[in-house]
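What follows is a single chain, given as structure tokens, in the form predicted alone.
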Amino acid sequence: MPLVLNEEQRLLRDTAREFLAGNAPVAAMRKLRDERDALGYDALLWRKMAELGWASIILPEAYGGLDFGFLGLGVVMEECGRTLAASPLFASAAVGASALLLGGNSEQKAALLPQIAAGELTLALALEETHHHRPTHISTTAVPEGEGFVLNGGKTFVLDGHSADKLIVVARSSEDDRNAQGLTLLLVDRQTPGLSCQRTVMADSRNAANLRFDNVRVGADCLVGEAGQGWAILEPVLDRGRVALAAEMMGCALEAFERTVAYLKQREQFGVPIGSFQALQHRAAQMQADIELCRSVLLQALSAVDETPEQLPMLASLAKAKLNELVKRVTNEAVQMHGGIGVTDEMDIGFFLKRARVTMQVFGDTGFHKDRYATLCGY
């Protein structure tokens, strides 16, 4: 697979960069934070994103999608990372849409995918139950009752959970609470009786929520895939999410790096730009080398979603682990090289460090993915 963008993908990247620079700069995210916006993102901005086709990039044309491929979504996610743009793009267009594409029945796809493509329906994956990413450690139960299910349990760190129209809930219908077998995916309306939602604002000022299910009743038509066989859908959905998130992290790292290099050329000490100091040059050169290495890993992982899905588990963990390390190194260096002002709220550079710290934990930290990669390699 070629580890470069083609002409159409480059055009999409340039269009996304121009749009986000004009409509969703870092100042817009700061404004959402300062005003404690109840939604957590600009609804008008999301509508414009949908009009550009971003919500439908990976969806087939039969459902109103662009069928542009996952690499196209990765290009847009990277540009969103550059401006820290807050939107339901990741939770709905990457994760939620993938769950319905891979596991939804024909009726669910026909009813819901066109709404996702138009930006009219937002989704959120309700997975985590602890402070660590353990996708098979599920205690929330889905007990069959009549022609449907009764849900009981709790979820934490549900991205966009308080604002999503529908939730894709991972519950257990059989086996013990640490087994990949026996998981069931259910599509639940957020306003369903018995479902309570508490919004939590993360360090990066983005949306997450804690959910509680108390005898929540849903019908059989809410089942995504087969009961007890949810892991076969959930695992590739998580891998798609990991790769999409890695693309956002690349954008975050690139922007932090470029802002830092510009500052090194501008800031003077002892009558010369601090960028002339050899020690800082060495550190910047190391960041540049790490970025180029991770770019190749990321492009291969994004391409694998559509071209070689059998390689996706390994490449998704490789990409997430490498981008976790990259975004941590680059944002740490960025704040340090900006000196004392780097840790002040007046400077935008601190926002990139905060976003990096949250994305490093989403769908698995570095340790999780190094262990998974080694296991997949037979170690």
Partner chain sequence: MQDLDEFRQEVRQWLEANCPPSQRQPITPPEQYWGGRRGSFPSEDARIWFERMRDRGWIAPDWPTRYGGGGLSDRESRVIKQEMQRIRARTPLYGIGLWMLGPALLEYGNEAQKQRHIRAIINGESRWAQGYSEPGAGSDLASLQCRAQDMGDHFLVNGSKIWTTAADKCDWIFCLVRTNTEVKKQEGISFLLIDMDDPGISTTPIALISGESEFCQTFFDNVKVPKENLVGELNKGWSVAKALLVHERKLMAEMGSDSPRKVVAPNEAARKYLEFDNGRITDAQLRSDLVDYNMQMHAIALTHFRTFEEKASGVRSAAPLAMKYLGTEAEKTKSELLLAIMGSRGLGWEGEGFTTEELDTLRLWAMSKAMTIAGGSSEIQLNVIAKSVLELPQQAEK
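Residue numbers count along the first chain shown, from 1. Model, not experiment: these values are computed from the prediction.
Although not depicted, the form predicted in complex with its partner chain is the subject of the following passage.
Taken together, the three residues L32, L113 and S163 all stay farther than 4.5 Å from its partner chain in the predicted bound form, as judged by their closest heavy atom.
Exactly one listed residue, out of R190, R295, R217, R212, brings a non-hydrogen atom to within 4.5 Å of its partner chain in the predicted bound form: R295.
The partner is absent here, but in the predicted bound form a heavy atom of A321, alone among M49, L312, L59, A321, sits within 4.5 Å of its partner chain. H282 belongs to the set of residues with a heavy atom inside 4.5 Å of its partner chain in the predicted bound form.
Its partner chain is not shown here, and in the predicted bound form it never comes within 4.5 Å of any heavy atom of Q269.
The closest non-hydrogen atom of G154 lies beyond 4.5 Å of its partner chain in the predicted bound form. Although the partner is absent here, P273 is a contact residue: one of its heavy atoms lies within 4.5 angstroms of its partner chain in the predicted bound form. Contact with its partner chain in the predicted bound form, defined as any heavy atom within 4.5 Å, is confined among 349-357, 41-49, 59-67, 313-321 to 313-321.
Contact residues in stretch 252-288 (any heavy atom within 4.5 Å of its partner chain, taken in the predicted bound form) are F257, V261, L264, K265, P273, G275, S276, F277, Q278, Q281, H282, A284, A285, Q286, Q288.
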